[in-house]
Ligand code: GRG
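As a starting point, one isolated chain is supplied in structure tokens, in the form predicted on its own.
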């Protein structure tokens, strides 16, 4: 990672964390159990990639971080809710996330479910107060049954089965790419992006999202608990449909790299303001967690 990108990530992560601290209820606010559980998962670490993409999407079309911070936080809250629910015994049944015990292991399944529900509700409250109706629609579509949830459903239904490449891409495009793309697009929309700029950013976001999931699948094969912060090899144990499982590791790496290059090419018309997104694309490809 270049020093410029490291500084960019650190600065934007700090701004996002400070904003999340303001928006989340204090952990001792009644009922304390739910607020403590919400904060446990939100402040468990993580790259803050989705909120940073919101900010980068804004900056690529001349927008300012301060204008889009509430929306950036909303995307992180939605992502965190999805992780809490993913880890539940009825879903992926994971014990660790980001190097610490999963929410349900600490607070119990009932509170974990409610913590996820509360984070999703808070996210849309932030969007309703600070974003435009178009952005609310964009995020709702990306998070709902035609986006992340729909992808999760097909992912679950495909476990242990032989599926074609089209179904595999459907899972990746909806389960992961939809929300990552919506992050970039939301920041651009709130910053008055032109139709051509918005089209370029949407195309780049889709490529980035697909690449992110392929890299995630590769890391599940090659990574460790220490690197990933969660148990490696879970995809194989759960008989998940993955790109490495279908095509092998080398083909998966080549596909991810090709998608990253496609994303950067899509951003070319935006010029230098889109350079941070291109750097984030390389970060997505090279990450080890």
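Small disclaimer: the values here were computed from a predicted structure and weren't measured. Numbering follows the first chain given and starts at 1.
The form predicted in complex with ligand GRG exists for this protein as well; it is not shown, and the discussion that follows is about that form.
Considering ligand GRG in the predicted complex, the lone stretch of 107 to 115, 82 to 90, 194 to 202, 124 to 132 in range is 82 to 90 [heavy atom distance within 4.5 Å]. Contact check for residue 207: no non-hydrogen atom falls within 4.5 Å of ligand GRG in the predicted complex.
Contact check for residue 47: a non-hydrogen atom falls within 4.5 Å of ligand GRG in the predicted complex. Residue contact with ligand GRG in the predicted complex: residue 100 places no heavy atom within 4.5 Å of it. Proximity of residue 175 to ligand GRG in the predicted complex: non-hydrogen atoms within 4.5 Å are present. For the partner-free chain shown, 148, 149, 152, 175, 176 of 143 to 181 come within 4.5 angstroms of ligand GRG in the predicted complex, judged by any non-hydrogen atom.
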